[in-house]
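Have a look below at one chain only, the form predicted on its own, in structure tokens format.
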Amino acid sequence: MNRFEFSGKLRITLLIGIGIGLLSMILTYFIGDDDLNSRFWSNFLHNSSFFTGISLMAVFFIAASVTAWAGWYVVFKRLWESFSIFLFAGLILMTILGIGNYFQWHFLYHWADDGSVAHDAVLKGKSAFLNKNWYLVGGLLIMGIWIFFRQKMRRLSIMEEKQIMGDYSIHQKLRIYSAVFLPIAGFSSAAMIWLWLMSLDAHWYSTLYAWYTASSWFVALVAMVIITLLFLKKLGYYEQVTDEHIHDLGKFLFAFSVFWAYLWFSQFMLIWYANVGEETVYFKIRKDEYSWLFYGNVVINFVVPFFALIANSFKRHKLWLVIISAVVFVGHWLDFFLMIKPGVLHTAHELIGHGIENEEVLMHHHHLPAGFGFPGLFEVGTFIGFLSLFLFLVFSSLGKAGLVSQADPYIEESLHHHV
């Protein structure tokens, strides 16, 4: 079967998941534990940035593969293309957060409070970049560029199916757009990561943070591709995908989990060694107040995939690979939880001094409010909703073109791929 049918049963299941997410968000907003709705908005930012980043990494992977003349992935490249569709939803979600900075819908960012900036030399010094206009307008511009390249590359990929055999002019255009997109994605993704995530701890900075975050996105992407691809094979699709392709995906999951761990250690070690107060505070808070997540993060996202996938045979065992991929995917979602929640809580703490009274958001006797120390039911429900929306868009996109690109110049190489 070369055409995916988004069946009623699968569609209904994902719609139920989206409903669970909406209900969780509504309950979080109206019966949350704080008047600032910090729990709701931090969950909103957590999942919006996580799934938007995964979608961006899908475009980046395609561009890198086309530029590198890679052929192994071509037989299921439509799946990678479909994963990029969430960029449209991400644009809407991040725009909501950007508008919210103006109207004080949320208090996620310390730098968005004018009173704080006026009395804080550090925030004032960073205000040329950390400001509401850059967040909204810059975000719209950069994400608009991502979507432009995504759409152009997707259209060219589909247009290949209509070209005359032996005519690779369309693929040459695709190669040009891919090569142009790579540096744009590299620099612009760093800017968005700084705005969306690193600025939650506005007094802190790390030169490795953008690399670290992007690597987390990419590992989560590979894990989700593995799970989705094997799910589709079980339904009878992608018969051309062999153990050789699955093995390579397992190698990607293994290799980039190690790369993520390298960046985690490098960021932590360099800051710990320097022992500069405004830098070490980021890790001190997480190590002291979030110790289970701090150490568990390394275990789930490095130790587990390293030992679980170190043998070649493990990378070819489909059920084993799905289990490890699911663990790693959730692990990187928890990684983002750890990146976001402490900064949001600290901002709420600081804003109390500027007329916002809500004592529940403070940490008393090392007790963290619900939804901040560890994901609760509302966090899990919101995650299910976003994941269901992500997959709903992916499967909807997947059904709009043939599952296998028969006219791609590297299709034969992919069909006969051998490790």
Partner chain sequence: MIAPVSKIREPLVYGHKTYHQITEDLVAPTEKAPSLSWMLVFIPALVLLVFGVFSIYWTIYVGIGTWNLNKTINWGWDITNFVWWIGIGHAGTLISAILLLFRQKWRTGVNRAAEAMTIFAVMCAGLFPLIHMGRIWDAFYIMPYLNTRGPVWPNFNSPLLWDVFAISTYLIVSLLFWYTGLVPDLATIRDRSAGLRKKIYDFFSLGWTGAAKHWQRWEYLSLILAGLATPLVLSVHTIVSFDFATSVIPGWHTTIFPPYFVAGAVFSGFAMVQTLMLISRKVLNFEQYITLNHIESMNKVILTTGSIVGVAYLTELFISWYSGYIYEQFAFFNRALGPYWWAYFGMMFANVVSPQFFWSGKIRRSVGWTFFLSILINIGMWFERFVIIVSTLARDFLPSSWSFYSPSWVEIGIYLGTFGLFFTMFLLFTRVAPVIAIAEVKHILKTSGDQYVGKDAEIQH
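Positions refer to the first chain, counted from 1. These numbers come from a predicted model, not from an experiment.
Heads up, the form predicted in complex with the partner chain isn't pictured, but that's what we're talking about next.
Q: What is the one choice in Val276, Leu319, Ile92, Val299 with a heavy atom within 4.5 Å of the partner chain in the predicted complex?
A: If I apply the 4.5 Å criterion carefully, the residue I get is Val276.
Q: Phe336, Phe218, Trp211, Tyr282: which sits within 4.5 Å of the partner chain in the predicted complex by any heavy atom?
A: Of Phe336, Phe218, Trp211, Tyr282, the residue with a heavy atom within 4.5 Å of the partner chain in the predicted complex is Trp211.
Q: Taking the partner chain in the predicted complex, would Gly71, Val180 and His417 all count as contacting it (heavy atom within 4.5 Å)?
A: Judged in the predicted complex, Gly71, Val180 and His417 all sit within 4.5 Å of the partner chain.
Q: I'd like to know whether Tyr410 contacts the partner chain in the predicted complex, with contact meaning heavy atoms within 4.5 angstroms.
A: Tyr410 belongs to the contact set for the partner chain.
Q: Taking the shortest heavy atom distance, is Lys251 within 4.5 Å of the partner chain in the predicted complex?
A: Although the partner chain is absent here, Lys251 would touch it in the predicted complex, with heavy atoms inside 4.5 Å.
Q: Going by a heavy atom distance of 4.5 Å, is Leu263 a contact of the partner chain in the predicted complex?
A: Yes, Leu263 lies within 4.5 Å of the partner chain in the predicted complex.
Q: Looking in the predicted complex, any heavy atom of Ala118 within 4.5 Å of the partner chain?
A: It does not: once the partner chain is placed as it appears in the predicted complex, Ala118 has no heavy atom within 4.5 Å of it.
Q: To test your reading of this chain, name the stretch in 227-235, 94-102, 75-83, 167-175 whose heavy atoms come within 4.5 Å of the partner chain in the predicted complex.
A: Only one stretch passes the 4.5 Å heavy-atom test: 167-175.
Q: Given a 4.5 Å distance limit between heavy atoms, list every residue of 122-136 close to the partner chain in the predicted complex, or none if there are none.
A: Going through 122-136 in order - heavy atoms within 4.5 Å of the partner chain in the predicted complex - the hits are Val122, Gly125, Lys126, Ala128, Phe129, Leu130.
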